[in-house]
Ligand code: PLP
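One chain comes next, on its own, written as structure tokens: the form predicted on its own.
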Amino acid sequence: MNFYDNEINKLKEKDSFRYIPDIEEKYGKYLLVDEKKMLNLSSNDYLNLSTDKELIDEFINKNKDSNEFIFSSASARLLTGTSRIYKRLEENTAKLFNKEACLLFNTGYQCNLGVVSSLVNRDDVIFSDKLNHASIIDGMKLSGCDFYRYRHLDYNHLEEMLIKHRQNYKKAIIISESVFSMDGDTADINKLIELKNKYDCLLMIDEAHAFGIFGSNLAGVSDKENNLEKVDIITATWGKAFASMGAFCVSNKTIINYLTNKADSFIFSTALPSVNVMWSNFLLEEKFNRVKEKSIKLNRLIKEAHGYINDGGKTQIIPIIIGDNHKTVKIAQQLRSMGYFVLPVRPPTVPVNTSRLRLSLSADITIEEFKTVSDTVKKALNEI
């Protein structure tokens, strides 16, 4: 075991070793950690729906006698791990995104891994934003295709790559997140559509951190910019703003049928428990106005917060890039001692020398709370 012990010690020496936080309880915008109440600024529960007791009780009371109210599917969906409730959620989701069809996956990671790895082969190519999520990168590696990573949000660099390489391959896919999970910035969907049309590519957008927050249908940045029908493939997750479990891909019927038969992470996984699927449908069908109200509240906070720090950002993810691992860890510890649950984000999650605090806004946080945290970080940076 010496090799593994040595590797762990190296991580600790560089302040890169990560611990699973010991969270005792979650309620609303707060966490209980070591018997201390903390404001949660590290969550993807952007609308604070996952701990909404009133909503949960209503769902349970209405559905507890249903035959679908069970906590295991016990099988993959291509066997017996499915039912009409799954089809209903897929139909509702496809309609929300103005797409022909939808396929549910267990997690966002499994979704991107399965979609990316199965849609291309060695005769094809992918052009990927440099800061795309690890699930997309792993999917590209697994596919066996060639792939090129253009500089983050640099569409001139993307076009240079397209000019140089596109003609050498059969199929080509351009892939980008809409809201980038560690930087909080957004892709230019209009420009990506222009390039995919110009160079005969498919366009895949991951709306994981935008779904439930932006757009008239809450379908993300593509929805906000009225581009849902122009984006060929969209993936997103139920596990963030929609406070559920699972993920999905929406596209045309041909692509969804292909994924059903080719995506290993779908084919060989025990399906989501139907109770989770029911909960997602409950929020989508019966409580969509409630979700939308929360989204409006969050968008108001986003505008106020970015106005305060004046960085021109437009999303709920606000990174404070510190660079040095040790300083980042120290400031995060200081914030937690003051009752603010903020975690240090370090390589390999982010590039080397860009360690940061990732402030994650949620609908019930106040602008006063955000200002206090922001001012505390600024003061700590000046003192270190």
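Residue indices: 1-based, along the sequence shown. As the structure is a computational prediction, the values presented were derived from the model and not from experiment.
Another form, the form predicted in complex with the named molecule, is not on view; read the next lines as being about it.
Partner contacts here mean any heavy atom within 4.5 Å of the named molecule in the predicted bound form, and among 218 to 226, 203 to 211, 301 to 309, 265 to 273 they occur only in 203 to 211.
Checked against the named molecule in the predicted bound form, the residues K99, H133, K196, K294 give one hit for a heavy atom within 4.5 Å, which is H133.
Distance criterion of 4.5 Å from any heavy atom to the named molecule in the predicted bound form singles out T237 from the list T93, S117, S73, T237. For S128, no non-hydrogen atom is located within 4.5 Å of the named molecule in the predicted bound form, even though that partner is not displayed.
The closest non-hydrogen atom of Y109 lies within 4.5 Å of the named molecule in the predicted bound form. Although the partner is absent from this view, S181 contacts the named molecule in the predicted bound form, with a non-hydrogen atom inside 4.5 angstroms. Contacts between 68 to 97 and the named molecule, taken as any heavy atom within 4.5 Å in the predicted bound form, involve no residue at all.
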